[in-house]
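Next up: just one chain, as structure tokens, the form predicted on its own.
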Amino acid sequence: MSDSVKILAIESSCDETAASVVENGRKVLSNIIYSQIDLHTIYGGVVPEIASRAHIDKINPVIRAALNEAGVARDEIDAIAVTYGPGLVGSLLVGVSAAKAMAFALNKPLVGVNHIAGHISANYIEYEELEPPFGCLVVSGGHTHLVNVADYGRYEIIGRTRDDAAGEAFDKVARAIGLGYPGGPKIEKISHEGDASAISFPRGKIDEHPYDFSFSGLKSAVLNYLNGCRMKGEEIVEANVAASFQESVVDTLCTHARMAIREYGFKKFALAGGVSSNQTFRKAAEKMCEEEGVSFYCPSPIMCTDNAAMIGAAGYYEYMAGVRSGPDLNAVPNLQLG
């Protein structure tokens, strides 16, 4: 085996069709992303059937573009990594089918990758010096996980959401305020004009599981506040609602992370997932880590949202550990990390 291991990675778990070529788990030679946001905006959220059809249309051109940009021929690839869960089953199947077909046709090893492990591994691309163990908070539209990254490919979930993920709550609250989709960036933008202390929204706690998250109660509190104002004819200051909601989410996330840092003795702590693009959250988490004397890591925004480079990074370490997937690899929409 040569010193250089090139992984072709494919990601199609939700509404981005992505392909990337990653060298030795850290160096991105190409990272092509086709976003479907425009297709789903008019519906106020991702429509699974539309997402699947768009993946079918774009998967081959995106893979070709990734290989071309990397300047790598198909037979120069050492292995093919693909997200096989969690995510939307129809979307996942498109990527998995394409990866299996290429692996068979080129006689290359196939490596199935957990999407959440991919988000965590985005940090390896951004920070060449970062190695496990470390703590990681994965916050996205579908997931909120507090993870002990014990080693490459070895994860212990410390806490997870019991209901809505943080990103899902952002989307639902944005829709209720009338900001539209996608909710996260819109709430963050308008929150800069608001007062985060204007409205006291609850912090979701689960007493018997202190590391777990619950955002459905917060979402309901926001909806009740909006309905109450409308019934009483009171003015709704959208920026204040957005800022106060965002403050509650960020405070909850950072409080849980601080507890984990102290109990587990982490010396390094990372963020991952789409909500980690939120600058208010990033700054709060960085400040918290500084107060705790912990090194802080967070990928650039493009690496926080769904992309294939992160799958290539995770896939590299799985490949080097001898992990191989067979032709029976299937989409697992509720795949667990572990």
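Just so you know, these numbers come straight off a predicted model, no measurement behind them. Each residue number is its position in the shown sequence, starting from 1.
Below, we turn to the form predicted together with a small molecule, even though it does not appear here.
- The chain is drawn here without the small molecule; in the predicted bound form, the stretch among 23 to 31, 54 to 62, 267 to 275, 289 to 297 whose residues come within 4.5 Å of it by any heavy atom is 267 to 275.
- Shown alone here, residue 170 lies within 4.5 Å of the small molecule in the predicted bound form, counting heavy atoms only.
- Using a 4.5 angstroms threshold between heavy atoms, residue 219 stays clear of the small molecule in the predicted bound form.
- For the chain shown alone, residue 191 is not a contact residue for the small molecule in the predicted bound form, no non-hydrogen atom being within 4.5 angstroms.
- When the small molecule is considered in the predicted bound form, residue 161 lies well away from it, no heavy atom lying within 4.5 Å.
- Interface residue among 142, 153, 133, 90 relative to the small molecule in the predicted bound form, by the heavy atom within 4.5 Å criterion: 142.
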